[in-house]
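Here you get one chain, nothing else, as structure tokens; it is the form predicted on its own.
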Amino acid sequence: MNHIQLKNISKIYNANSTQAQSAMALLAEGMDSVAVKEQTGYSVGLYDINLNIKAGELHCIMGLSGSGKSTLIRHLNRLIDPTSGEIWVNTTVNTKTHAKDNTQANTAPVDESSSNAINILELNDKQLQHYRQQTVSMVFQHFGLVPHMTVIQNVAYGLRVRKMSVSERHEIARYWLNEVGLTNLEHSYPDELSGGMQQRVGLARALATDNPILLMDEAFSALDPLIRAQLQDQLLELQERLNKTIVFITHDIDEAIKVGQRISILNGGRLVQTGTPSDLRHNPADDYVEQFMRAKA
């Protein structure tokens, strides 16, 4: 089954409703985002994105700088709200119960009539806070650690806001620090750690809440190639056991092919193609996709 469904998501920056509609009318006629910006002055973040993300899959979103990757992922926890469209999430999915390669079972869209599926754009502030605490976690490119907190306090932070006791949340945090290979560093501060270690702390923090959806926005791109490869391997090993729904943003086709079960490629705010690495390699939708896959070859 699908865990997340984006329906007709568009984002036009710095435009009111009428202005956004005029920009989207030009996009509907086939004008690209650069030309729309030149003609209207409004920046296109995304245009008419329709995408299903399966429960328990590691789904890569990729494209060049400015293609809309980070804009898209930030819609999934509503750090950004769209100009138009709907975002449906099944908040009762236990991703651990879904076999990753169960393609037939995962072809149906999220059932919007189900009481388990919510349009997250309709959540009020309290409901949105609960959604962020219980359903979705995020790992940022530049770590996002709190500098005055120790490693264990950083990892336990998501459990702290759930009002969990200190002893309980620290026990969970120690478990995840061990899982990412940072045993005995719990009392260190972020600035005492290497970049790779800091990102492991960020990953442990995201995993500690045990939320079913994990968002990773270019999480490894700031790291040296060797450390990056090690963290990719560690993510895949963890995913084998945890089977979370992971949305992984990258601009690196090698990384996307290594970690992604399916890849969605964006260009100028539009979704060009979604498929397995083999699909994209053998049946590219256009020259843009073909160039990406040729770069891998």
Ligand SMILES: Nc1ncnc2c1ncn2[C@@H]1O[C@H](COP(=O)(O)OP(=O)(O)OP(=O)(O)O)[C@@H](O)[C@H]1O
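The first residue of the shown sequence is 1; numbering continues from there. Computed from a prediction, not measured in an experiment: that's the story for all the values here.
Missing here is the form predicted together with this ligand; even so, the following discussion is about that form.
Looking at this ligand in the predicted bound form, residues Asn14, Ser43 and Ser70 each place a heavy atom within 4.5 Å of it. Only one listed stretch (24-32, 257-265, 236-244, 58-66) carries heavy atoms within 4.5 Å of this ligand in the predicted bound form, and that stretch is 58-66.
The closest heavy atom approach of Glu218 to this ligand in the predicted bound form falls within 4.5 Å.
Counting a residue when any of its non-hydrogen atoms is within 4.5 Å of this ligand in the predicted bound form, there are no hits in 253-276.
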